[in-house]
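In the block that follows, a single chain appears as structure tokens, in the form predicted on its own.
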Amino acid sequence: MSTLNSQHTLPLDQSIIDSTLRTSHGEHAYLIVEKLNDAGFDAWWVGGCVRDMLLKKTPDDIDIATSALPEDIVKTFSHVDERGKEWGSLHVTVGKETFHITTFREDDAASDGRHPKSVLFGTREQDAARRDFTVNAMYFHPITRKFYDPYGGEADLLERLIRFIGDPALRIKHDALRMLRAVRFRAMLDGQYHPETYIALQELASYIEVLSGTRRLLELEKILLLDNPARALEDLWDLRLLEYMLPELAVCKGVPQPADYHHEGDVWEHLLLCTKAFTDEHGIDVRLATLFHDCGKAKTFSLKDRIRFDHHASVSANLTRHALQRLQCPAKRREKICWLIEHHMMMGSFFDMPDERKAHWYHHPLFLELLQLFWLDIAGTDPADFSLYERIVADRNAFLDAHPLPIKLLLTGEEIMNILGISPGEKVGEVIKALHEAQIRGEVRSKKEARIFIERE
């Protein structure tokens, strides 16, 4: 087991090292370390890849830390992306694969909680001391097979323990993003918090507000892409991080739902259950729409003949729009997500529509993602009744069989929205219809002509 400042042979089956080195990624990462060593520099695999190997997983991604300065890395390798050079962070391409290489750094005490004011290059020991969690401060040398674990990361990994290196409060105040990372790693490892880490996270939750929206959104997306995002989301609520980051969601806890239709519990429980139903086919925009789709229920709750949430879809969409603006989500993505939310209560509307209206919906470029949101909404409900969803799918398939688009559009709905700078809505359907008819008439035969045509429309 690891002890302070320990350096020894990696406590792994030889098979996991061999299987990693047999991959193209592992082979190229080995060659990078070899080339840096030959040039006189120290270099190690670090962080997540070492953690994965200790968990008997072949890593998909390998980061490298080195004593080589950024200018040394540029001289040593042919294909270097120098963006981030001033921070000692470069991307090197070997073959067809790209690797993140960082110069050993130490923490600069000056920080506004968003990022360090400057970067100080240092030793491997200083580099380990500046990392966030013990399970991320482990180093492996693929040539000598040495393992460097100065803060007991191996022992913590065996306990699935998330523990800040050093004083937890100082680590958080130096970079508040570490709070969201702690939550994500706890869920990713199906782990637990060290008591001091847990207390610091709860007491300093308000520090999350100093982060840029962009950094918060990126970490939220990583959470939603986990195998078990519900666990992380529950932690965000428990630690009060959600209260400061996404109050629109925090207020959903404790909002009751009609008992006849929602045995799963309150609105928050419904949202968590929806995220538990995510599959690989659900993209990040659908996942975000699912997370927010019922956030308006807290504002629209009323008790009449039964619990009701009148117009909650449009209210949810508006609340989501404001939340995503704070998170600096790009406008086109924001409007797409809000469009999905605004229309998520339409499931019973399609069957009585005339064919012209059905064509608008069933040919809409976002309809398949709307269907996914329908499905997830049902999957997050107990009892889950998919009969209406299955009727919609059958009706759409029958309609498309009877009303196919005989010519493949030269531009997709996404391309049309990008070219015209418009958001999802009826205008997109109108342009698609006009372009389709122009293609049938032979007036438009190429993507260039299609672009000119829609810009004139």
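This structure is a prediction, so every number in the text was calculated from the model and none was measured. All residue numbers refer to positions in the sequence shown, first residue = 1.
Below: the form predicted together with adenosine-5'-triphosphate (ATP), not depicted.
Chemist: For this chain shown on its own, do 63, 132 and 215 all sit within 4.5 Å of adenosine-5'-triphosphate (ATP) in the model of the complex, going by heavy atoms?
Modeler: Judged in the model of the complex, 63, 132 and 215 all sit within 4.5 Å of adenosine-5'-triphosphate (ATP).
Chemist: Please run the contact check for residue 268 against adenosine-5'-triphosphate (ATP) in the model of the complex: heavy atoms, 4.5 angstroms, yes or no?
Modeler: Close contact is absent here: in the model of the complex, residue 268 is far from adenosine-5'-triphosphate (ATP), nothing within 4.5 Å, heavy atoms only.
Chemist: Check whether residue 48 has any heavy atom within 4.5 Å of a heavy atom of adenosine-5'-triphosphate (ATP) in the model of the complex, and answer yes or no.
Modeler: Result yes; residue 48 sits at the interface with adenosine-5'-triphosphate (ATP) in the model of the complex.
Chemist: So, residue 175 and adenosine-5'-triphosphate (ATP): in the model of the complex, are they within 4.5 Å at any heavy atom pair?
Modeler: Residue 175: contacts adenosine-5'-triphosphate (ATP) in the model of the complex.
Chemist: Using a 4.5 Å heavy atom cut-off, state whether residue 136 contacts adenosine-5'-triphosphate (ATP) in the model of the complex.
Modeler: Looking in the model of the complex, residue contacts with adenosine-5'-triphosphate (ATP) include residue 136, since a heavy atom lies within 4.5 Å.
Chemist: Would you mind picking the one in 222, 262, 321, 253 that has a heavy atom within 4.5 Å of adenosine-5'-triphosphate (ATP) in the model of the complex?
Modeler: It is 222 that has a heavy atom within 4.5 Å of the partner.
Chemist: Of 104, 148, 292, 185, which one comes within 4.5 Å of adenosine-5'-triphosphate (ATP) in the model of the complex, counting heavy atoms only?
Modeler: Contact check passes for 185.
Chemist: From the candidate stretches 176-184, 365-373, 307-315, 382-390, select the single one in contact with adenosine-5'-triphosphate (ATP) in the model of the complex, where contact means a heavy atom within 4.5 Å.
Modeler: In short, 176-184.
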